[in-house]
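For this one, two forms of the same chain are given in structure tokens, first as structure 1 and then as structure 2.
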Structure 1
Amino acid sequence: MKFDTVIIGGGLAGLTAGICLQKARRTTAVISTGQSALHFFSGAFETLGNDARTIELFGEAGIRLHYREGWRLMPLGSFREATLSLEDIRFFEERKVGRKALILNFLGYSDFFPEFIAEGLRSTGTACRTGILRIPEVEVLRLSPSEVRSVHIARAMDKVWEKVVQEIRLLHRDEDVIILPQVFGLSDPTVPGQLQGAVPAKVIFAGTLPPSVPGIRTQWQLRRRYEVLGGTFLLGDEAREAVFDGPVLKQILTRNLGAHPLEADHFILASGSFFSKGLSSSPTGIREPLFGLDVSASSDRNAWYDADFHADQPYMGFGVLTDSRLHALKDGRPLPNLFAAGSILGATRPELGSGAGLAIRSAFAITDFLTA
């Protein structure tokens, strides 16, 4: 199989690159193990700023982003500065959500934290009351003790979110704010808006423990957009081996395709950091496992960590080294047709930001270069 570009990794960086290239009428394939950092995406594109190009690109995929100066509410009741975000995230001009808040949780759902939110909001002058939602379709999930997680509830809410509206009407008194866990709109992004329209107070969907419902939805939407544009999304597959001709990467062999290699003129490595296995570590060193690329990492293990868990951890800044065009380096020399994008870059390119900002900026930079 021959493509213009093969992309390794189906997270934010890989899908953004794939969409940009398909829009420019290049043929591409994305190799995705399935999970990515989008599964614990908070919904905020930190370090990206008010980027019109991102807003347009995501808008075409049906993902509405917004940006306003202000604050957003975090899942433990603190506030953080607003940034470009999914429309699921509400912004506030000051660090205060309103006069009185009613915080509602599903009975037995332990990945949402009303008590922490209440304590945080009270300290900013908002009176808080907590309440319990009893929805039969959620109760039934508890037959299996490990299935009361965000996605399970979200799947039920796709069908019965109106029952939550009825419950809210019973529980609501005079609060001007209602806070719910972020488990609405998994398959239909219009649900949060419809729910807001049906209740008599300002609704805030506050974050839960992973998996992130808006994150999973974003990945689905980006993937659908990519496939609609003609991209080949190889789900549940994994790049296993690389075939070079001198410094030029010719083929990738994958687990599922066996003897049928993926050929391309260009390749983009967007396989993530340690968690996604884009980087791997052993007692003797840190490496990029697929190509053995150059990595910015100390060989002294003691320099990988800060003893204080809450301090910045040096290992999280390690990444694949690149030239100014994001060509990956191997043995000190740039490979002519292999690029690195997203969190596999670590903090090697601080001007590109980190997290979602780094994923999108690096994908834009590489695809602009390839389509120029």
Structure 2
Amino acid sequence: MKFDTVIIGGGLAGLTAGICLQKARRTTAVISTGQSALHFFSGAFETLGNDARTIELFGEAGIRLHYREGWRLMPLGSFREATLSLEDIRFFEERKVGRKALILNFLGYSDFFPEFIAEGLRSTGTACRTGILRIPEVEVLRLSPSEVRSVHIARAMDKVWEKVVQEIRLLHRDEDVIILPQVFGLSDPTVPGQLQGAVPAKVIFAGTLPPSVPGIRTQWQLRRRYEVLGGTFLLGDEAREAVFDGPVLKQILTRNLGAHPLEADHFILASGSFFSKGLSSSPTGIREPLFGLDVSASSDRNAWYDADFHADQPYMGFGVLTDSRLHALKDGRPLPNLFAAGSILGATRPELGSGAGLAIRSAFAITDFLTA
């Protein structure tokens, strides 16, 4: 199968690149194992400001973003600066949510931490009370503990969110803020807004342990947009082998396609960092496993991590080295038709930002070059 561009990785960088190229009438294929850092997505786009291009691209996929400089509530009751985010993520002008907060969780759901949130908010002067939501559709999930996860609750919530509103009204006293786990709007992105409008207080959705419901929803919407534009999305496949002609990458062989390689004029490596196996570690070092690309990483294992668990961990900055056009480097030389995008870059390109901002900016940079 022959394409203009083959993209390895179906996360934020890969799908953004695929959508941009399809809009430019290029033929593309995305190889996706199914694992993506979007499953950890908080709903905010780090290091991106009021970026009209991103807002337009996401809007075309049915994903509404909003921009406001302020603070967002984190899962353990602390605050982080934020600007561009999904529409249902609330921002605050200061590190305080309000005068009184009611923090609610579903009975038996252990991936959300009301007491930690309450402790953090009390330190900012907010009086906090916690409570339990008893929803029959969630009670059924408790029969299998493995099913009480954010994504399973979210599947039920799209259908029964009005029951949650009724429960909230019973539990609500005089609080001006109600905090709920971020388990709404998995398949229907209008649900969070409808719930916020139906409750007589300001509703805040706080993050849970992964998987991230807004992250999965965002990936689904971007994938749908990519496929509507004519892109080929190979879900559950994995790039296994690369065929080169000198420095030029010619083909990718995948697990599912066997003897039928994917050929392309250009390739984009957007396979992510350690979580999605774009980078791998061993006692002897850090490597990029598919192509053996050059990686920026410390040779001293003791320098890979910080003993302070809450500190930024050095290994998260490790990444594939590239030239100014984001061509990947191998043995110090750029490969002319292989680019690297997203979190596999680590902190090697600080001018492109970090997190979701890095994914989008690097995808834009590569696709602008390919379509110029």
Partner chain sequence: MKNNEFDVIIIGGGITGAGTQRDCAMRGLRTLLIERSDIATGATGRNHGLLHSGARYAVHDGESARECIRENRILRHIAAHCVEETEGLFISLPEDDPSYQQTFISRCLEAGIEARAIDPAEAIRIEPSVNPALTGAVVVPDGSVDPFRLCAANMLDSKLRGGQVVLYTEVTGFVREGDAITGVRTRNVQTGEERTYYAPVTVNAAGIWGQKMADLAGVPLRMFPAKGSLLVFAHRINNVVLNRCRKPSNADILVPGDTVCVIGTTSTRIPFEECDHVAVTPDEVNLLISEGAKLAPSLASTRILRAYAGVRPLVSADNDPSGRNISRGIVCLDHEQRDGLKGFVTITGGKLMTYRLMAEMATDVVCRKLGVERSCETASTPLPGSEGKSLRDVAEKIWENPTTAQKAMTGRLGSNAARLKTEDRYDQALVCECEEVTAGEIESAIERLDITTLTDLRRRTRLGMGTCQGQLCTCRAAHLLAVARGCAQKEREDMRDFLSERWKGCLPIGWGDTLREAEYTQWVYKHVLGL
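Numbers given to residues start at 1 and step along the sequence of structure 1. Quick caveat, the model's predicted, so the values are computed rather than measured. If you superpose the two forms and keep the largest set of C-alpha atoms that fall within 1.5 Å, you have the rigid core.
Structure 1, not structure 2, is the form predicted together with the partner chain. With the core held fixed, D323 shows a CA shift below 2 Å between structures 1 and 2. Core superposition places the Cα of H310 3.6 Å apart between structures 1 and 2.
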